[in-house]
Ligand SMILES: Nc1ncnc2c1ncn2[C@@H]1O[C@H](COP(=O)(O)OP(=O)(O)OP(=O)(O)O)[C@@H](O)[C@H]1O
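First, one chain by itself: the form predicted alone, in structure tokens.
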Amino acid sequence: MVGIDIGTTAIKIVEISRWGQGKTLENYGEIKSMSLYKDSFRSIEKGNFLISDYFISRAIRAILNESRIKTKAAIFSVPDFSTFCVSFDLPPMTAKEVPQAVYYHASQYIPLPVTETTLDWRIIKGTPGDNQSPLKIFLVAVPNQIVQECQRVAEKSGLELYAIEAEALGITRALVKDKKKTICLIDIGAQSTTINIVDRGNLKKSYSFDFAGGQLTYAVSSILGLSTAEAEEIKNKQGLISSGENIAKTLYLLVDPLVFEVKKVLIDFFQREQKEVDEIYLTGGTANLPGLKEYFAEILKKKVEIPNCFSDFLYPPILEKDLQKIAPGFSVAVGAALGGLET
């Protein structure tokens, strides 16, 4: 199965296979938008993510060819700002009644007409058929426009669109292995950040925020008068532990609002569920920012990890260091591909 993550500034693709209980990383590849086009691949302002079917499919074909990926079945991941995630309660009912009830209630929680979206949902609490068991539903709604765009890109890339999936579901599958813990999973992308609460392996809540790694790069670029590429390199090498006082101070000022939002989410979860979050996982392209993991741990008083989405795969040992370095940025693509192997 192939998993495809069309990010704001890069496209990442992984090809994985399963033999019995084992999983193998067959191939992987990445391409930056700046190598093909002057703008990003995605745009929040436009409400969707495609600049051009041509440029996106061209980039995907380049990765497929360079990485020698032959598998045609692909799952596309859809970003948080192109989906609507919500959880809600239903009264006790039979399994046969649940789909119609979900469809009926969806219109109360999503800003688009239900007829203009594709719905994906799962029961995260309760048992259908038990008259004493209310149900809690986690719902994801994807605008049909996004579905159609994915279909066009897949066709022009020579791929078969196996499925599309919300980012939050994919990274949960890729990173949360311990089904007994409650995890706060923070995905820091180039254009937005999602804070997800995963309780015993089930995605319970997903919150989206404007904080993005691109803001940090822009700040460094402005302070030092450097190009975006040069600022990105300095940011990734020095981060919050930079010896340049202005750089570190500015990055802390930008990171603090995110820490505040995480605090609010943790408090809200505790008040609703009477349950503490056990650990915090950082992922996304900004997760490896020097000093970020330690700062989160210090302020939030929680154990903070940067999990490796490749940890359960078989691959040549020579790739170990490279994969560990790039793993946070590939969590979405790996999670999408794993979804295809599990069905």
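All residue numbers refer to positions in the sequence shown, first residue = 1. Being a predicted model, the structure only gives us computed values, none of them experimental.
Another form exists, predicted together with the named molecule; not displayed. Remarks below refer to it.
Annotated contact segment (heavy atom within 4.5 Å of the named molecule in the predicted bound form): 232-240, selected among 174-182, 86-94, 232-240, 268-276. With respect to the named molecule in the predicted bound form, the three residues 82, 118 and 146 uniformly fall beyond 4.5 angstroms at the level of their nearest heavy atom. Although the partner is absent from this view, residue 206 stays clear of the named molecule in the predicted bound form, with no non-hydrogen atom inside 4.5 angstroms. Taking non-hydrogen atoms only, residue 307 never approaches the named molecule to within 4.5 angstroms in the predicted bound form. Residue 289 belongs to the set of residues with a heavy atom inside 4.5 Å of the named molecule in the predicted bound form. Proximity of residue 9 to the named molecule in the predicted bound form falls within the 4.5 Å heavy atom cutoff. For the options 141, 188, 164, 258, the one in contact with the named molecule in the predicted bound form, meaning a heavy atom within 4.5 Å, is 188. If you take 191-228 and check each residue for a heavy atom within 4.5 Å of the named molecule in the predicted bound form, you get 191, 192, 213, 214, 217, in sequence order.
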